[in-house]
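What follows is a single chain, given as C-alpha cells, in the form predicted on its own.
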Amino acid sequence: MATANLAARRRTVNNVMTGVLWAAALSIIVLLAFFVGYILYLGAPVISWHFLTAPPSELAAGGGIGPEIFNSFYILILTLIFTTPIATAGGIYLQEYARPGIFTSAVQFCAESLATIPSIVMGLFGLLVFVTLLHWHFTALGGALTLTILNLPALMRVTQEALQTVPSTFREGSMALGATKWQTIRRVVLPSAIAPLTTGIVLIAGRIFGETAALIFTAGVSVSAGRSAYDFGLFHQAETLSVHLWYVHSEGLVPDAAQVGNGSALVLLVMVLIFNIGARLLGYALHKRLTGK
C-alpha cells in the first residue's frame, strides 16, 4: 500500500510539473503572438508603397521611411564587412590554435568584457572617438565601426561554437592524410561548420539591424542633407529605422508622429523576424545539403 501511494504521489508531481513546463512554453508563444498582433494592429493601416519609399517629413504629415530602411541595410552591410572577418578569425584562433596561457586568457577576458558593455556606453565611446576625436561628425562609417566593436564578441563566440560542432575525427583524418592544419581548417572544418556559422551570422545581422542606442551618438538622428537621401557615401548622416522610431516617439513634432512610429515599428519587427526565420531556414538547408540528412 505504501509503495502504491508513493508511486501515485510521484505520478501526480510529475504530471503537475509537466503541466507547469508546458504552460511556461505556451506563455512564451502567446506573449510573442500578442506582441506581434498588437504591433500589426497599430502599424498595418500606415503601411503603403509611399510610406516605404518616401523620405521623412519634418514639417508636415505624410512622410515616409525610405531613407531609413536604406540606411539600416547600408550600415548592416558595412558592419558585417568589418565584423565577420575579424570575429571569424578570432574564433578560429581560440578554437583551433590557442593553448592555455596568459595570452589566450587575456583574449578571452577582453572578449567577455566587451560583450558585457551596454550599447549606450559603446555609443558614447563612438561619439568620443569617431565623432569628436576624429572629427567625422555623424557618419555611417562611425556607426558601423561602433557596431563592429559591439558585436565582435558575440560573433567570435558563434564561430567557436560552430567549430565545436565538428567532430575531432574529421581533423584527425584530414591531418593523417597529410594535410596541414590550415588546409584542414579551410577544407574540412569550416565547410563542416558552415551551417551553424551562417545561422549565427544571420542572427547577429538581425541584432545589428535593430540596434538603436549606439547609433544615436554616431550615425545621427537625421538622413543625409546632400543631393540624395539614398547616399552610399561613408561620411554622411545615416539615421536608421530603429533610431527613426525612437526619435519620432520621443521628439517628433509632425502631426502624424504616432502613425509614423507605429508603421516604423511594424516594418522593423517584420525585418527582425525575417532575419530570425531566415537564419533557421538557411541553417536547415545548409545542414541538409552538406550532410544529406
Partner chain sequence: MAALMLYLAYMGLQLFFIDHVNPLVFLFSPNFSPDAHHPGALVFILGSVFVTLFALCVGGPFGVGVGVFLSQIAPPKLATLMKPAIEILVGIPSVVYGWLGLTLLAPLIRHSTGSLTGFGLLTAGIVLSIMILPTVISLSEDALRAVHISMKEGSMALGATRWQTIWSVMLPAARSGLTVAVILGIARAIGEALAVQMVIGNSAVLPKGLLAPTAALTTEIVTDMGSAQEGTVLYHSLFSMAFLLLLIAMALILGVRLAVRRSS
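Positions refer to the first chain, counted from 1. Note that the rigid core is defined as the largest set of C-alphas that superpose within 1.5 Å between two forms. It should be emphasised that the depicted structure is a prediction, and the values quoted were computed from it without experimental measurement.
The form predicted together with its partner chain exists for this protein as well; it is not shown, and the discussion that follows is about that form.
Q.
Under a 4.5 Å heavy atom criterion, is residue 102 part of the interface with its partner chain in the predicted complex?
A. Residue 102 lies outside the contact set for its partner chain.
(Q) Even though the partner isn't displayed, in the predicted complex is residue 70 close enough to its partner chain, meaning a heavy atom within 4.5 Å? (A) Although its partner chain is absent here, residue 70 would stay clear of it in the predicted complex, with no heavy atoms inside 4.5 Å.
Q) Is there a heavy atom of residue 210 lying 4.5 Å or less from a heavy atom of its partner chain in the predicted complex? A) Yes, residue 210 sits close enough to its partner chain in the predicted complex that at least one of its heavy atoms falls within 4.5 Å.
Q) So, in the predicted complex, is residue 53 in contact with its partner chain at a 4.5 angstroms heavy atom limit? A) Although its partner chain is absent here, residue 53 would stay clear of it in the predicted complex, with no heavy atoms inside 4.5 Å.
Q) Looking at 124, 94, 145, 201, which is the one with a non-hydrogen atom within 4.5 Å of its partner chain in the predicted complex? A) Exactly one residue meets the criterion: 124.
(Q) Since the partner isn't included here, can you check whether its partner chain sits close to all of 22, 245 and 268 in the predicted complex (heavy atom within 4.5 Å for each)? (A) Looking in the predicted complex, the three residues 22, 245 and 268 all sit within 4.5 Å of its partner chain (heavy atoms).
Q | Contacts with its partner chain in the predicted complex, stretch 255-276 (heavy atom within 4.5 Å) | A | Heavy-atom contacts within 4.5 Å come from 257, 258, 261, 262, 265, 268, 269, 272, 273, 276.
Q.
Given a superposition on the rigid core, I'd like a yes or no on whether residue 11 shifts its C-alpha by 2 Å or more between this form and the one not shown.
A. Yes; residue 11 is a residue whose C-alpha shifts (by 2 Å or more) between this form and the one not shown when the cores are overlaid.
Q.
Please determine whether the C-alpha atom of residue 22 is displaced by 2 Å or more between this form and the one not shown following superposition on the rigid core.
A. True for residue 22: a C-alpha shift of 2 Å or more.
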